[in-house]
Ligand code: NIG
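Next up is one chain by itself, shown in structure tokens, the form predicted on its own.
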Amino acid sequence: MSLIYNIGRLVGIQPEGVLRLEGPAQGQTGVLENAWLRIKDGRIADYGKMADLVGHDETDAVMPDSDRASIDARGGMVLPGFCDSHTHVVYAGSRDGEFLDKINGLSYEEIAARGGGILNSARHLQQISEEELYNQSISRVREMMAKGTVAMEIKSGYGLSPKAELKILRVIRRIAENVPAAVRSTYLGAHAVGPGYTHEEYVQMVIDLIPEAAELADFVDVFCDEGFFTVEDTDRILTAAKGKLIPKIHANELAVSGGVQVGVKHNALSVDHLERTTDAEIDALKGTETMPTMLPGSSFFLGLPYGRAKDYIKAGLGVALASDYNPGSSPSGDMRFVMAQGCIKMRLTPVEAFNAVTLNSAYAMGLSREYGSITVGKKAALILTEPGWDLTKLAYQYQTPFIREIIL
């Protein structure tokens, strides 16, 4: 048993059974001031106001149990750790040369047409050993954890061949076994057409690899967008994966692609990107179990439109935000910055953005029963801040160090 006491603000409180927040509820969260929180066996056991503790002070509150640790929060805020439901952190090398190409005016599509983009990452990845890939990738995972991320999804997709895709999935599994954060794995064989394949041959290869991928991954994903994979390709792949892998979709980053609708057809857990949205996508998501997930880091880095998160919430939907940490379009896994962009660029309130990077993003990878809120019984995966912080300041002063301790 351990106790955190003298908490200035305990933020992110939700009743048991609340797995996602939609519509007006996305703008609400429970806050308890002058609070304490108990942890038992790695889970949240109880919480309340300091005035309710025995003796009303920290000395009596801690009690003299030899197996009980305690932390004096000294007025700091305690909140659930960030949940990042869309990353590509298992990659090799760097694409900083393409960063210069972007500065010089080349578009994402033009860089890809010259053999850059995903194909460039695939070349790097195929050339290095599995051990080196693991070493490079786990360093990024630890960087994310140090910034407050306690749960993450990691995709394949930079292999573009059966051997290399399975290598990525094995590395993701090894990462999951060696960090305290929760890690979910996604088979994104359909990220781009691999070298040496026709489009049709590659789609068939992706389908044929599903049984082996399903032994290593939780989800299947398709880049359903202009210049990559069509609605028909996506439908075939998700149909083949039915009963083996849970669908997630890349959709509407480069164009309105139909990816949202095909994702809904297959009961996708999430549809991600959504930089390009019409009212038809919003209407298609109403009444479904699918979480719209937006990636403002890509909008920031590529100069794309920001997703219409406010319109989704006004329509009664929930929204998740994720980092899209990858070498080509969002080389950052800082979820606090993602939250800030939700406020600054997408006009979400700090509470709406906070719920988007915690509970709703946990939902978008099937983890909201265990992560994403202050709820009795959930994992004690928490951020303790220095004194003086609240959610508004967290987004407003988005570069000022704020973490005192990650409790994971």
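Numbering starts at 1 and follows the sequence shown. Since the structure is predicted, the reported quantities are computational estimates derived from the model, not experimental observations.
Below, we turn to the form predicted together with this ligand, even though it does not appear here.
- If you check this ligand in the predicted bound form, you find a heavy atom from every one of Tyr158, His250 and Pro327 within 4.5 Å.
- In the predicted bound form, this ligand sits within 4.5 Å of a heavy atom of His191.
- Using a 4.5 angstroms limit between non-hydrogen atoms, Arg308 is distant from this ligand in the predicted bound form.
- The shortest heavy atom separation between Tyr108 and this ligand in the predicted bound form is within 4.5 Å.
- When contacts are judged by a 4.5 Å heavy atom cut-off, Arg336 does not count as touching this ligand in the predicted bound form.
- Among Phe219, Tyr202, Tyr312, Phe223, the residue placing a heavy atom within 4.5 Å of this ligand in the predicted bound form is Phe223.
- This chain is displayed alone, yet in the predicted bound form one of Lys167, Arg95, Arg184, His266 has a heavy atom within 4.5 Å of this ligand; that residue is Arg95.
- Segments offered: 146-154, 328-336, 131-139, 203-211. Contacting this ligand in the predicted bound form at heavy atom distances within 4.5 Å is 328-336.
- Interface residues of 197-219, taken as those with a heavy atom within 4.5 Å of this ligand in the predicted bound form (partner not displayed), are absent.
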